[in-house]
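Coming up is one lone chain in structure tokens, specifically the form predicted alone.
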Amino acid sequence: MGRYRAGKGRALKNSRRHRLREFQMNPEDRFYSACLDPSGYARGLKQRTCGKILGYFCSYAPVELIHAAGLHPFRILGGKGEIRLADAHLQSYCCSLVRSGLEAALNGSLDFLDGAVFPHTCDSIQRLSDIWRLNAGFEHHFDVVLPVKLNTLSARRYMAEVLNGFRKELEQAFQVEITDEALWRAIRDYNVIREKLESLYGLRSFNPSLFDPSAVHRITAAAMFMEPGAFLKDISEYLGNVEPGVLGGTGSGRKRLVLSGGICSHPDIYDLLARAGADVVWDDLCTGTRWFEEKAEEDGRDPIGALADRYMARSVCPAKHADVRARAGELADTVRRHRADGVVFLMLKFCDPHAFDYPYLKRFLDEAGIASLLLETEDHPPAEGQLMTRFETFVDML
């Protein structure tokens, strides 16, 4: 009993120290802290609130339902350490997100999680769900098998049924009731967060010099780790202190780029591109615009229907289908809308869906007269010198 009390006392002291450090930080410091050490943030949150935390891998995870259940949704983006334990369960040609995510679960780096949610997207994530369930040892596990084809009425009905099923699973697993009122509150919270992130991106597109090269990336990543209420408070304060300035458009003479791909967990890429003479002004990433674009309608009677409609309306990733030209057309429109000079594709090595899409996207951009560069990455980016050479060459070509 004495050991328990001592341990509890240390936890309380650590929690107080964490609260004091957070109190002394400004919003930008808190964003950076959460982005640089998301596991540390989650552990601190759990100590302070004694709440439950559910991890998720994909931007199609229904975070509003998790939030409405009184749980904290936490985006799993893998890690950058050595892969040892996961290799016993996975083939070497699985992408680094899957391998490092499983490694973190097996080595205890994700010990603050109470479970995980797996929207079935690519084959590797589907297989990871099975391996995770059998080996990771977490109490709760949820599979959310959303439709792949998103352009039919039957897909919309199926989408709503899956979301309703997930709602019931959460209620049963955590002995809670997810009322419509709670779900509407969660929808409103995330709608405002998405609106703020869209404003942040809009300011960067208007005047990239307002922010450090990697600042917008870190803030967007922090939104996937931080408690929604805390993030909303901080992002509102942060945006209130940003002066739009007068240097809009392309007056700086620097090149403007759009990033496209899956996840981006390498903020140094933004800094290197800036040193090469280019600014990232927008993106088509599942850790970027695809996470926050499209808000759910708030004026209906059916919150599940509002969530289903949002998923049907947002831009698709390679694991979903809406139209044979949807992704390429939207990417080209994004480049034109933000007066960008080119596209840098960020592709995780062994990511089959993005690898299948890339030739068609490149051909479409070539025909539209839009230059592009392909950068294949893993949990560690290529050497800085190699990257700088490629980036400088591409920017000079533009």
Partner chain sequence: MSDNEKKHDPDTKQQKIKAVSRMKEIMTNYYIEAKSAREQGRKVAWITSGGPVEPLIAMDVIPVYPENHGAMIGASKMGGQLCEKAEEMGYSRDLCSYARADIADAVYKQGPIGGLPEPDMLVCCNNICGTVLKWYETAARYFDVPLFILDTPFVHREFSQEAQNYVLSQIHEYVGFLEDCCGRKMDYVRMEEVGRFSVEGTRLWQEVLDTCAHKPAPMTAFDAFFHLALIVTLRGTQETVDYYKQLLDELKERIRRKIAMVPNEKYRLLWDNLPVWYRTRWLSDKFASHGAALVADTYTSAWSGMVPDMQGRSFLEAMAETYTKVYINISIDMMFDIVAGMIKKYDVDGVVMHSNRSCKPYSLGQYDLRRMIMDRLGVPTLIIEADMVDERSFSESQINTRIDAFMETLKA
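Positions refer to the first chain, counted from 1. Fair warning: this is a prediction, and the values are worked out from it, not measured in the lab.
Another form exists, predicted together with its partner chain; not displayed. Remarks below refer to it.
Engineer: Using a 4.5 Å cut on heavy atoms, which of Leu77, Ala274, Leu285, Ala319 is close to its partner chain in the predicted complex?
Structural biologist: Only one listed residue qualifies here, and that residue is Ala319.
Engineer: Work out which of Cys94, Ala278, Val216, Ala186 lies within 4.5 Å of its partner chain in the predicted complex, going by heavy atoms.
Structural biologist: Exactly one residue meets the criterion: Cys94.
Engineer: Using the partner position in the predicted complex, report whether Asp309 sits within 4.5 Å of its partner chain, counting heavy atoms only.
Structural biologist: No, Asp309 stays farther than 4.5 Å from its partner chain in the predicted complex.
Engineer: Please determine whether Asp180 contacts its partner chain in the predicted complex, using a 4.5 Å cut-off between heavy atoms.
Structural biologist: Because no heavy atom of Asp180 falls inside 4.5 Å of its partner chain in the predicted complex, the answer is no.
Engineer: I'd like to know whether Ser199 contacts its partner chain in the predicted complex, with contact meaning heavy atoms within 4.5 angstroms.
Structural biologist: Outside the cut-off, so no.
Engineer: Do Asp352 and its partner chain come within 4.5 Å of each other in the predicted complex, heavy atoms counted?
Structural biologist: Contact with its partner chain, yes.
Engineer: Using a 4.5 Å heavy atom cut-off, which stretch among 255-263, 69-77, 141-149, 172-180 contacts its partner chain in the predicted complex?
Structural biologist: That would be stretch 141-149.
Engineer: Going through 98-130 from first to last, which residues have a non-hydrogen atom within 4.5 Å of its partner chain in the predicted complex?
Structural biologist: The stretch touches the partner through His120, Asp123, Ser124, Gln126, Arg127, Ser129, Asp130.
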